[in-house]
Every structure is written in structure tokens, then in C-alpha cells.
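In the block that follows, a single chain appears as C-alpha cells, in the form predicted alone.
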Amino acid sequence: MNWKYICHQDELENEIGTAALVNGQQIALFRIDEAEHIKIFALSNWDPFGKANVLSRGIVGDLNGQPVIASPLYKQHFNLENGHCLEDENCILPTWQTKIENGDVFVAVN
């Protein structure tokens, strides 16, 4: 697996999305600080309902124990771990694996 450096973890704010261009595709990155560690989620920035790259501007939350992003346009919720839309089971956004090494954030690319 190939990893692409994106930024340092301190450049991402907790529960605030950031858009990044990876191999020509916009992705939305979200940092979630937990008690002992930091989680970074990466999913497509494309909102398939609003037809725009806006998910990095959505609101981070938790629905039934699932970390989600609510689209800023029509408010659909997407699971940050697997990209599934909670309101439409047929809609799944691409997601990418992430890792943090020495504070640097990487996204898996093919």
C-alpha cells in the first residue's frame, strides 16, 4: 500500500473538516480527538445529493454511536468510518485509510 503525506496533525482542527486534493480527487479529512489518541477519517468531499464538493464543510457528530458528517446542503449523514449514508442505504461514499506517524497524517492511495 502506498501512503501520501497530507499534513501535520496539528494543521487539522478537532471536528472541523479540511479538504485535500489527493491524486486529482478531493477528499474531506476529519480529525476526532479521543481520550488517548487522535483518529483521522478520510472520505470523498463530493456530496452526491447536492452535487458539490462540500462535505468538508459539514458538521461532525455522532448518531447511534456512529461518527458522522452531516452534509451542509441537504443534511444527509455519512458514516465517517465506511462512507455509508444513513438516510439512503444505496449511497456509499469512497473512504480512504489513514495513519499518523510522528504527528504526520498520511492517506492510503493506490
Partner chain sequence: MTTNQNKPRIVVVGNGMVGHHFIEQLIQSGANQAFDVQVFGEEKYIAYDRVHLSEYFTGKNAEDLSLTTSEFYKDNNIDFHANTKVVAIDTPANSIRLDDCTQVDYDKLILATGSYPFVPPIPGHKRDNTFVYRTFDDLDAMRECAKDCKTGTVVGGGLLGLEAANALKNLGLETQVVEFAPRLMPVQLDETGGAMLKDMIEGIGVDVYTATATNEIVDGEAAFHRMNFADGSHLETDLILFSAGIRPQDELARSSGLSLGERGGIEINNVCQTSVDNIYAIGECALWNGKIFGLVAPGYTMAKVAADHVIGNNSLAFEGADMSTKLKLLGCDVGSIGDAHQATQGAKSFVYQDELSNAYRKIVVSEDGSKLLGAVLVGDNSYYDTLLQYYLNGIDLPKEPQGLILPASDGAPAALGVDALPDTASICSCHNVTKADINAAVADGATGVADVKGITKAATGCGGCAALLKKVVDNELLALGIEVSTDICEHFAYTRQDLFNLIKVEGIKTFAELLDKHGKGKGCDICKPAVGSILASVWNDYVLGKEHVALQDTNDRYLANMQKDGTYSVVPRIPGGEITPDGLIAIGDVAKRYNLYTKITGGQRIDLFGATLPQLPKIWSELIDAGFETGQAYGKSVRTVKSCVGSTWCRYGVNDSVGMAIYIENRYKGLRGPHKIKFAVSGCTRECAEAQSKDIGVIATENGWNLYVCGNGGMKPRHADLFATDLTDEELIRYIDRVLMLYVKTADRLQRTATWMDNLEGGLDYLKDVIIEDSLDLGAELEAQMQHIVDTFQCEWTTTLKDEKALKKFRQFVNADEEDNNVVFVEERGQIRPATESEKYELIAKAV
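No experiment lies behind these values; they were computed from the predicted model shown. Numbering follows the first chain given and starts at 1.
Same protein, other form: the form predicted in complex with its partner chain, not shown, and the subject of what follows.
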Contact test in the predicted bound form: residue 18 vs its partner chain, heavy atoms, 4.5 Å: yes
Its partner chain contact in the predicted bound form: residue 33, any heavy atom under 4.5 Å: yes
Residue contact check: residue 38 to its partner chain in the predicted bound form, 4.5 Å heavy atom: no
Proximity of residue 7 to its partner chain in the predicted bound form, heavy atoms at 4.5 Å: yes
Contact check for 79, 99 and 109 against its partner chain in the predicted bound form, heavy atom at 4.5 Å: no
Stretch 72-98: residues contacting its partner chain in the predicted bound form, 4.5 Å heavy atom cut-off: 72, 73, 75, 77, 90
